[in-house]
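Given as structure tokens, the chain that follows is alone and in the form predicted on its own.
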Amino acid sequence: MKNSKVFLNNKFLNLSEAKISPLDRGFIFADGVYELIPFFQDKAFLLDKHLLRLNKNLSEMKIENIYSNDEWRSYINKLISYYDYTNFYVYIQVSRGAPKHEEEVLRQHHYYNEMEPTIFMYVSEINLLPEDKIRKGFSCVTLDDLRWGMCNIKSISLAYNALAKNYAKEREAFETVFVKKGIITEGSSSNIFIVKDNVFYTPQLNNYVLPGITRGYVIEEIKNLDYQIQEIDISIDLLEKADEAFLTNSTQFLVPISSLNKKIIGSGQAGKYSCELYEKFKKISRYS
């Protein structure tokens, strides 16, 4: 990674040359948002929807978006031209920036409206999960959802998510599923779906559920296949009794859940509906 190209504030640099002020509010306050755009077979997957969410999140955080969508696309295309990956993602982080003037207090909670955002992008390869492991499914654990109350914004404030991901790793599980007052919200880096009696269910969107881009795509695919899907509150009991369950995220698309807290879900492997949706993803990521 020493000489990998990155983008920082209108410049393409080697990673070792990229410098950000230690007074940047992204570093001091986690005051910023991020976006992760997957590319499969060297083609952006749902780029417009990712940029739309980035624009929306920046607006909600009152951080100026200084680029048009065309400018974002141009910078992204230039950055990925330095790489020859097949499946990869572009990570975008936009923080509120650093104080401009020496006389300003170095650390204070309120911010100045004239601050210029810090924009950073890098590229990383996606290593897709082996198909045999997908078919077997993955174990998950649960944890109380103690995150801040604006999880619908893709904030860089991910300390609790990181703790939760490590919680799963320590228990040899793939993912931690958050539970708030007995209701499933989402995974530490994923959305969740279940199937019960041939009907799909996923948590309804609220301030504790990120409107995942892949989540939205999967919902539309389910409808295109003429299956029923409902966005509802999913209790931990309903999840445990599901016929099958799976996670969605940007880099792996769909990950079947075989067990939760060491309790078998459904058949204990990927269900038929999970496999059907996974087959559609294979056409995007492995063959096209």
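This structure is a prediction, so every number in the text was calculated from the model and none was measured. In case it trips you up, residue 1 is the first one in the sequence shown, and so on.
Keep in mind the form predicted in complex with N-(5'-phosphopyridoxyl)-D-alanine is missing from the figure; the text below concerns it.
The listed set 27, 67, 227, 34 contains one residue whose heavy atoms approach N-(5'-phosphopyridoxyl)-D-alanine in the predicted bound form to within 4.5 Å, identified as 34. Only one of 118, 189, 202, 87 lies close to N-(5'-phosphopyridoxyl)-D-alanine in the predicted bound form, with a heavy atom inside 4.5 Å, and it is 189. Site residues 133, 272 and 274 are none of them in contact with N-(5'-phosphopyridoxyl)-D-alanine in the predicted bound form, judged by any heavy atom within 4.5 Å. Stretch 212-220 is the answer when you ask which of 194-202, 68-76, 212-220, 125-133 has residues with heavy atoms within 4.5 Å of N-(5'-phosphopyridoxyl)-D-alanine in the predicted bound form. N-(5'-phosphopyridoxyl)-D-alanine is not drawn, but in the predicted bound form it has no heavy atom within 4.5 Å of residue 57. Under a 4.5 angstroms non-hydrogen atom cutoff, N-(5'-phosphopyridoxyl)-D-alanine in the predicted bound form has residue 147 among its neighbouring residues. Although the partner is absent here, residue 161 is a contact residue: one of its heavy atoms lies within 4.5 angstroms of N-(5'-phosphopyridoxyl)-D-alanine in the predicted bound form. Using a 4.5 angstroms limit between non-hydrogen atoms, residue 154 touches N-(5'-phosphopyridoxyl)-D-alanine in the predicted bound form.
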